[in-house]
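Coming up is one lone chain in structure tokens, specifically the form predicted on its own.
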Amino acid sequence: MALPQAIKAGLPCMNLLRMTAVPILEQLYLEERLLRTSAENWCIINHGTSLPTIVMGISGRPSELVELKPVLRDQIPVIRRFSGGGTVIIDNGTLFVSLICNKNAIPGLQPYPHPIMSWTGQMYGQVLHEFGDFHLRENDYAFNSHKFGGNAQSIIKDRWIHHTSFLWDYDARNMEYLKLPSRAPKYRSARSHVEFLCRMKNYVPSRTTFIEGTIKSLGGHFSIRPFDLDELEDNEFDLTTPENTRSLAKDVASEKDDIAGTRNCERVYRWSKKDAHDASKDEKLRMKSAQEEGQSWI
């Protein structure tokens, strides 16, 4: 779908909220509240997060997606967000851009996953095409065949959110906390995390270049209004903690214990079988010895 030709007059308003190093759990709390309780359009930009953190989709299970032992050892926070999508590990090298929109905000855009993904791909393409071979590959943003942007969405009755974690930079060592996903895009071709990913900083001159370009591109569809985080407290938004975004610290520890318990049971079972086999072998030897000595064995 071609990007609609926006007319400056009468564009819908989009609040622009810019943040720096806000913890990702707080950001997700805020986004879920705005999605469900606000009637306005929002663009939220966050430059990095304070600590390396694993973020999973709403249906993800830690034991299937993360390496539990090193995650617990190094006390890496694990969070389940309210939207779908895959599992990522983010840190202060990650740029976050989230778009929260009313379904009728963009003329001609159908409020379904693929059209929204296609529209955002074209919007970011306007920003990034001059810096590399930019593509929307399946549900990822990539330069050539290397992913730098992971996306997730949530669509409710009258609104949708499309949020992206952009890898401006990343620590390759952090990727060791993630398992290789059982379901992966075809273009990944079974590559490891490091072989599959790339850093935006190797293509785009600066974070500012990307952010300002994104705001300019959004300005073709919305009238952008800068918004201060403190203003949220002065408005009648629901500031209660959402139910679907939460920390999974207890879940990770519990799943590790469950796995350890299962392994212990298997170990006990294997040893029980060995003990039974050894006992049976000893019994046969004693029976044979008794028979040779003319004794009965009951």
Partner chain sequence: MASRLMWASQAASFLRISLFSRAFSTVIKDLKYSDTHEWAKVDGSSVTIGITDHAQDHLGDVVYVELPEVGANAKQGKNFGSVESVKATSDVNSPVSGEIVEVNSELNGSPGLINGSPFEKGWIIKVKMSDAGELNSLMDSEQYSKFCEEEDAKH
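This one's a predicted model, so the numbers in the text were calculated from it and none came from an experiment. Positions refer to the first chain, counted from 1.
Below, we refer to the form predicted together with its partner chain, which is not included among the displayed structures.
Within this chain, R33 is remote from the site of its partner chain in the predicted bound form, having no heavy atom within 4.5 Å.
In the predicted bound form, its partner chain lies farther than 4.5 Å from every heavy atom of S50.
With a 4.5 Å cutoff on heavy atoms, S223 does not count as touching its partner chain in the predicted bound form; it lies far away. Of the heavy atoms in H146, none are within 4.5 Å of its partner chain in the predicted bound form.
Heavy atoms within 4.5 Å of its partner chain in the predicted bound form map, among the stretches 224 to 232, 153 to 161, 92 to 100, 172 to 180, onto 153 to 161 alone. Although the partner is absent from the chain shown here, S83, G108 and N139 each have a heavy atom within 4.5 Å of its partner chain in the predicted bound form. Between its partner chain and the residues G132, G125, P113, P77, the one pair within 4.5 Å by heavy atoms in the predicted bound form involves P113. Here is the short version: of M117, C198, L72, I215, the single residue with a heavy atom within 4.5 Å of its partner chain in the predicted bound form is M117.
Contacts of stretch 36 to 62 with its partner chain in the predicted bound form, defined by any heavy atom lying within 4.5 Å, are made by R36, I58, S59, listed in sequence order.
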